[in-house]
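In the block that follows, a single chain appears as C-alpha cells, in the form predicted on its own.
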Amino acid sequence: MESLEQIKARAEAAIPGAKIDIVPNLGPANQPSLLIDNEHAPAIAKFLRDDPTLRLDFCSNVTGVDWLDRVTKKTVKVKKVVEGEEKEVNEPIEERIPGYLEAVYHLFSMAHKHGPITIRMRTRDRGEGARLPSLTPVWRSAEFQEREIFDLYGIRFDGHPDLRRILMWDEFEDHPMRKDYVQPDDFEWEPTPHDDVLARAKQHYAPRPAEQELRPS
C-alpha cells in the first residue's frame, strides 16, 4: 500500500484546493493519520474510496475525540543582544490552542485487502462551530456511528440522512462524552421490580431437590 505522503500528494493533485496534513501518532501504535479539510472532505473521501490503487471501500469504525482548550510550551529561536552582540538564542514560549472536536474514520480496502488508513476532520470550535460534513453518503457504515458521535459529543454532521440521538433520549441535554460534562446530582430513583418479578416467577416452577431438602417440614 502507498505511504501517507504518496496518498496525500495524489489526493491533493486530484482535488483542486484540497488540503491534507499528516498527523503523527507518538503513542505505542505509531499510526499517523490524515487530517482532511472540511470543505473538500466529501471529495477526498470519494477519491480514497474510488481510486483504483487505494479502493478504501469499507469504513470499519468512526469515533469522536474532544480536545479542550490547552496551553503548549515550545522553544523558538529569537534574536537578542547579549553582551553587546546580537545573537540567536532559544526562548521558551506558551501557545494557547482553542478547543475543538474531531471525528476519526478507520478505512480498509476489502478489494485489495489492505489498511487501515485513518482520516480525521476537526470542528471550528466546541460550540456553534461544532459541525462537520457527513461521510455517510460515501461509506454507509458510518451512519449509526456518526449518530453516536452527534449524540455523545455534539458534532452536527451536515448531509447525514438521519441525524438524531441513538443512545440518549430526545429530551436529554448536553453530551456525556465531552470532557467537561458534569453529571447531574438529581437522578430520579425508582426501586427495581426485579426481586418481585423473580419471586412471582418461582411460584410457577417446582422446587429443585436441593431446595426441597432445605425446606422445613
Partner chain sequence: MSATVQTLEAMERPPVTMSSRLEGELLEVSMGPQHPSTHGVFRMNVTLDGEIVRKLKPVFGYLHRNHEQIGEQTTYLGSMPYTDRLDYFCSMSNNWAYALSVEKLAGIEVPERAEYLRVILAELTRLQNHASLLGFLLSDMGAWGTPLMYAFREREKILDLFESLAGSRMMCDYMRFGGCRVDADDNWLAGARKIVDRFPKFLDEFEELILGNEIVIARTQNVGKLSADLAISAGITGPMLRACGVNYDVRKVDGYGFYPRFKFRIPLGEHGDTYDRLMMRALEMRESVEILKQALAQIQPGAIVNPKAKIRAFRPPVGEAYGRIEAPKGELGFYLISDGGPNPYRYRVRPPSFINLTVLEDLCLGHTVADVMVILGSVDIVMGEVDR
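Between two forms, the rigid core is the largest collection of C-alphas that superpose within 1.5 Å. Note that the structure is predicted; figures quoted are calculated from it, not measured. Numbering follows the first chain given and starts at 1.
Not pictured, yet referred to below: the form predicted together with the partner chain.
- request: Using the partner position in the predicted complex, report whether Val62 sits within 4.5 Å of the partner chain, counting heavy atoms only.
  value: Yes - in the predicted complex, heavy atoms of Val62 and the partner chain come within 4.5 Å of each other.
- request: Determine whether any heavy atom of Arg120 comes within 4.5 Å of a heavy atom of the partner chain in the predicted complex, and answer yes or no.
  value: Taking the distances in the predicted complex, the answer for Arg120 is yes, it comes within 4.5 Å of the partner chain.
query: Heavy atoms within 4.5 Å of the partner chain in the predicted complex: does Pro52 have any?
result: No - in the predicted complex, heavy atoms of Pro52 and the partner chain never come within 4.5 Å of each other.
query: Is there a non-hydrogen atom of Gly159 within 4.5 angstroms of a non-hydrogen atom of the partner chain in the predicted complex?
result: Gly159: no, not in contact with the partner chain in the predicted complex.
field: Output flag, Asn38, Thr72 and Thr75 jointly within 4.5 Å of the partner chain in the predicted complex, heavy atom basis
entry: Spot residues vs the partner chain: no contact at all.
- prompt: Which listed residue (Ile93, Val82, Ile97, Met110) meets the criterion of a heavy atom within 4.5 Å of the partner chain in the predicted complex?
  reply: That would be Met110.
message: Once you overlay the rigid core, does the Cα of Leu167 travel 2 Å or further between this form and the one not shown?
response: The answer is no; the displacement is under 2 Å.
- prompt: Taking the rigid core as the frame, does Gly27 move its C-alpha by 2 Å or more between this form and the one not shown?
  reply: Indeed, Gly27 is displaced by 2 Å or more.
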